[in-house]
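Provided below as structure tokens are two forms of one protein chain, presented individually as structure 1 and structure 2.
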Structure 1
């Protein structure tokens, strides 16, 4: 089967597996372990980090399967790539529709936030520039409570 439907999926690990299955993919051990690693991480992970962490539970995992699973999870909207001054190779669980991330510069802990109200800004920029604005990315960088307490 090759009709990978883009049905909206929740963010719990079981929902991810259900979503993979519903999309016509088989639930194999490599996929399960990669999903678990990503779903339980508080920060974005790159392919090698996912590989190393997942191998603790499933030592025969291949790096290639990590890449192939990431590709599918991204297509299904279960993970998204995180852009960062130091690189753009890492992925985080969850997808809110737009890119509203809050990233700790200390430990990497990453959260989504909601409720920006930027419409006025967009309108002003649109008028001044002549652009039709379609999408936006807003990312905040800082220190999470653990990290700024530690640095005091």
Structure 2
């Protein structure tokens, strides 16, 4: 299995800001701080975590600004939602191509992996259900090697 750790660089951050500006959004200080927090994170963050981390750099940041920025970034395809088994949602930098997601339930580290050995499964599901499967997004939850070793 080919995995790739999420490690967005500052170039990604600038690309996000350029994309926001090109889409007609002002590049306010609150918006810039939220973008920086998300673009440099190696784990999925929920809105409260983004708010808390961003306030370290911009103490007057409001939670509404975080939600509005998340909405705009998601509409532009720059971030993606991560749906957790407990129902809480968090956000990660978007990715290109067809990849799947590994999420550590210990530390929250997020990694992508590639692979489409699921064709037979999808064909069987389509035959049994009558659905025509158009796309999928696979999220796997577990413990990364650091958290797994720490739990032993």
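Residue numbers count along the first chain shown, from 1. Just so it is clear, the model here is predicted, and its values are computed rather than measured. Note that the rigid core is defined as the largest set of C-alphas that superpose within 1.5 Å between two forms.
Asker: Just to confirm, one of these is the form predicted on its own and one is not; which one is it?
Answerer: Pick structure 2 here.
Asker: Inspect the rigid-core superposition and answer whether the C-alpha of residue 64 shifts by 2 angstroms or more between structures 1 and 2.
Answerer: Comparing the forms between structures 1 and 2, which are aligned on their rigid core, residue 64 does not shift its C-alpha by 2 Å or more.
Asker: Once the core is aligned, please say if the CA of residue 125 is shifted by at least 2 angstroms between structures 1 and 2.
Answerer: Moves: yes, 2 Å or greater.
Asker: How about residue 142 - superposed on the rigid core, does its CA move between structures 1 and 2 by 2 Å or more?
Answerer: Yes, its C-alpha moves 2 Å or more.
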